[in-house]
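The chain below stands alone and is given as structure tokens, in the form predicted on its own.
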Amino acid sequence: MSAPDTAHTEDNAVDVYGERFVVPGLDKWLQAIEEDGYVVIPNWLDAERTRRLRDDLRREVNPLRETLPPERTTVRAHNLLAKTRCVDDLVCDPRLLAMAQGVLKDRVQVSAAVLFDLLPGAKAQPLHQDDSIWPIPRPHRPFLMNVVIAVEEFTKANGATRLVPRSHRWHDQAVRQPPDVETVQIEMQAGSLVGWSGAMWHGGGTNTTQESRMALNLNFNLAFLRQQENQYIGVPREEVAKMPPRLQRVLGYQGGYSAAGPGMVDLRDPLVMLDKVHFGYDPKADGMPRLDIHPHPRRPDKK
């Protein structure tokens, strides 16, 4: 993978699950999302990583995908972390997690990991807001950050994602459809990324070509909200055990903000309790992990 910006400054340093990273360009990305609701980052993945991603997704996920009615020209595959290991490094990429933390101003977790493949003839998706899955009246704090990585080139002809700039601030309006609102289509090369606030009005475009248009959609939400995809049931426990700790955390195996906060298991970090829990167990037994008691809520470092 290649970082789009080579300027290494401490201004872009951030803690991601206890590790310190310098993320070149982070401040600019967050400013764009704050002001316009979205950011486009070319060359998020290099050509070789993009090629491997495309080939792996087609080989490992295609047999499990379902083609959606009524046109049956938009193909989706949900729960990717249970179906392939080829996206693990993308989901727990520190650049991406730093951006999600910066947008949401708090702990984050992956809410959904989805493959989208627009086949020839796919119709435009109605504009919508992905944070509407939580029935909370607006205005509210940001709940969600969306990311789409172009596995294949995005063009207006093949259904590039449509966004309504600055609509993430239209808290007093219901989503309207074109031509009532003007959209921009995000044309970008394969390997590029577009990220936006979960309140942004958006939708896939129409594919008028004879080629497919594949994309990887990664959504991150606040760690104290329920995820769109149930990662605890959806991803088998034996697969969780194979994952690096940062990905396990992103999946949702995080401790609470405080001793009794959301995510804890018997006042302990859930990762250290994965193989300790059985019906009727004694949380005070010998060999149990120490209590994970913190007197104050723990938050990601803020610059």
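Numbers follow the displayed sequence, beginning with 1. The model shown is predicted, which means the values in this text are computed figures rather than measured ones.
Keep in mind that the form predicted together with a small molecule is not shown, yet the notes after this line are about it.
Within 4.5 Å of the small molecule in the predicted bound form, a heavy atom is found for not a single one of E35, Q101 and R141.
Contact check for Q125: a heavy atom falls within 4.5 Å of the small molecule in the predicted bound form. The closest non-hydrogen atom of T161 lies within 4.5 Å of the small molecule in the predicted bound form. When contacts are judged by a 4.5 Å heavy atom cut-off, R76 counts as touching the small molecule in the predicted bound form. Although the partner is absent here, G121 is not a contact residue: none of its heavy atoms lies within 4.5 angstroms of the small molecule in the predicted bound form.
Note on the interface: of 102-110, 175-183, 200-208, 87-95, the segment with non-hydrogen atoms within 4.5 angstroms of the small molecule in the predicted bound form is 200-208.
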